[in-house]
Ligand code: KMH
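Presented below, as structure tokens, is a lone chain in the form predicted on its own.
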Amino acid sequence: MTGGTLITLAPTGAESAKADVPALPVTVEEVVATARDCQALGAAVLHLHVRGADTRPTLDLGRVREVVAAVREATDLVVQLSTGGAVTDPFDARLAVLDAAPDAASLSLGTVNFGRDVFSNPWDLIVELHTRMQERGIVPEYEVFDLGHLATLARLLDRYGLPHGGHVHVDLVMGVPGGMPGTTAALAACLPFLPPGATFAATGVGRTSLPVMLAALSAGGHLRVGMEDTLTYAPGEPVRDNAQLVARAAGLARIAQRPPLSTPEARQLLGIPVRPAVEVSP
């Protein structure tokens, strides 16, 4: 495992409504400001769900391209688009997100209950996402919601080869109602099944955010934080903004003596070409 910590910011998601969470960044301007602030604090990857002018989740390709271009103009963050979208989005629209040419994209490795909903990720969709990303030079982040998804990853790599860039990076998404719990024991159970040479991050949803961060750091892993996954900073204390979550993750990484990776270091780790640096105000 690398000596530093890759911090991924997931600022918005597709679940929360702006009316319920006013601090949620949904406009292009809000997303760009959040990206700049959080890069200055230690984030190196931006995991994006895009919202339309009505603040609702959208996979409209014009809007997605607009947000990607705006973030790239303002930062040199790794732009990672979600191909999961919302649980109701059709497969063709989720695949079309790749037409926006992000640096990276999420690739969910199996179907999982998502609260009262079902997040559908059948084998054929997984293969299509993997091979399209290979063809287009997009680096996948493999999203694992349960232990069996790592068996799917092993089968995928065996049949279709390594991802673009040659490095396998996995995100263990923990604490989703219907997926694996956000516990140290669950995280430890996954580690023996990671592909050889792979790196991993962990995402703790809701109240599991802090214990999952601590467990991931202790095991040499990386972190994903943001208002997509966590809206409460502490019991009875709502999250103020995404910067608050990134600052906490960066602080814990430094306490673990694994400080946040810069964006060029993150790109090197993930096998993504380095872009010219964009000056970001501290």
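Everything quoted here is computed from the prediction, not taken from an experiment. Numbering starts at 1 and runs along the sequence shown.
Missing here is the form predicted together with ligand KMH; even so, the following discussion is about that form.
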Looking at 215 to 223, 22 to 30, 234 to 242, 43 to 51, which stretch has residues with any non-hydrogen atom within 4.5 Å of ligand KMH in the model of the complex? 43 to 51
Assess the spot marked by 14, 85 and 145: is ligand KMH within 4.5 Å of a heavy atom from every one of these residues in the model of the complex? yes
Any of the heavy atoms of residue 228 lying within 4.5 Å of ligand KMH in the model of the complex? yes
Is there a non-hydrogen atom of residue 108 within 4.5 angstroms of a non-hydrogen atom of ligand KMH in the model of the complex? yes
Just to make sure I understand: among 149 to 175, which residues lie within 4.5 Å of ligand KMH in the model of the complex, judging by heavy atoms? none
